[in-house]
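First comes one chain, alone, set out as structure tokens in the form predicted on its own.
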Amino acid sequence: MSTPNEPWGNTVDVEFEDDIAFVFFNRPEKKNCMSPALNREMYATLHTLELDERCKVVVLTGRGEAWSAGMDLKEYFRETDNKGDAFKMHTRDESQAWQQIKLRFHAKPTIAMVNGWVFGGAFTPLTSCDLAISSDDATYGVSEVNWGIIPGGNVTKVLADTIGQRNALYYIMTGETFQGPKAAQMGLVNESVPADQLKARVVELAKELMKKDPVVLRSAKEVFKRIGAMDWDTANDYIYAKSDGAILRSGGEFRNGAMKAFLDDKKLKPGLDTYDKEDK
């Protein structure tokens, strides 16, 4: 249960386990559809977890039978029909703030643990997570064409960037669904595993990420997410600057220890192992 100092507890919930913060879409009765209230609570939750020492990795998942079934059609469309453009722009900005800014560039590593339905607008936070592990029986769909609109919330953009033109257009134009193994085959998620193995695999992956230098890990993912829009020379300069900055901010202890273990002590094979700073 959250305390008054914690921003979650209503449409978003958090459980801490072995330095992992499991962040839940918490509207199971609505298949975890995203609402304006959820957007605000999710932003505040992710912001708080960046500084929470109980959290080294964020896992985004859903209560009940859905990861998230996308945008709440009633709250986003029917109830905003008469609110005017300013209100609609405000709700759109709140959605983008946590999905495409706070989650995409979160200070901690992020993993989507996909446990059920994923529809429409849910593709944006899914692809904003650094990594994603799916249950085999998770069901994905870009169904907007079935009821007369086009995918919104940058869903088309993230699908084009993640699964490519042919796959993206097929599902955007047909509205057909697909399951976890197909999502993995197309690169939408990293892996698809049986439902009863989902959490164990996510925890295993989270613990592997925890072995890395957290400052370097954050810089590595930020570099990757930003260089796609850069030319080669700009990207090269940016990578060197981020590398120098990461070493400076981390103090270089992890790097120096790994170099010693590899070059002097002959105890580390960096292409195969992660340096263990506790193994002096």
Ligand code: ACO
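One-based numbering along the sequence shown. Because the structure is predicted, anything quoted here is derived from the model rather than measured.
We do not show the form predicted together with acetyl coenzyme *A (ACO), though everything after this point is about it.
Trainee: Taking 4.5 angstroms as the heavy atom distance cut-off, pick the stretch from 27 to 35, 54 to 62, 225 to 233, 209 to 217 that is near acetyl coenzyme *A (ACO) in the model of the complex.
Mentor: The contacting stretch here is 27 to 35.
Trainee: Does acetyl coenzyme *A (ACO) come within 4.5 Å of any heavy atom of K157 in the model of the complex?
Mentor: Residue-level check for K157: no, no contact with acetyl coenzyme *A (ACO).
Trainee: Flag P109 as yes or no: does it have a non-hydrogen atom within 4.5 angstroms of any non-hydrogen atom of acetyl coenzyme *A (ACO) in the model of the complex?
Mentor: No, no contact at 4.5 Å.
Trainee: Answer for L103 alone: is it within 4.5 Å of acetyl coenzyme *A (ACO) in the model of the complex, judged on heavy atom distances?
Mentor: Looking in the model of the complex, residue contacts with acetyl coenzyme *A (ACO) do not include L103, since no heavy atom lies within 4.5 Å.
Trainee: Is D72 close enough to touch acetyl coenzyme *A (ACO) in the model of the complex, meaning at least one heavy atom pair within 4.5 Å?
Mentor: Heavy-atom contact with acetyl coenzyme *A (ACO) at 4.5 Å: present for D72.
Trainee: With acetyl coenzyme *A (ACO) taken in the model of the complex, which residues across 133 to 154 come within 4.5 angstroms through any non-hydrogen atom?
Mentor: Counting only heavy atoms within 4.5 Å of acetyl coenzyme *A (ACO) in the model of the complex, the contacting residues of 133 to 154 are S143, E144, W147, I149.
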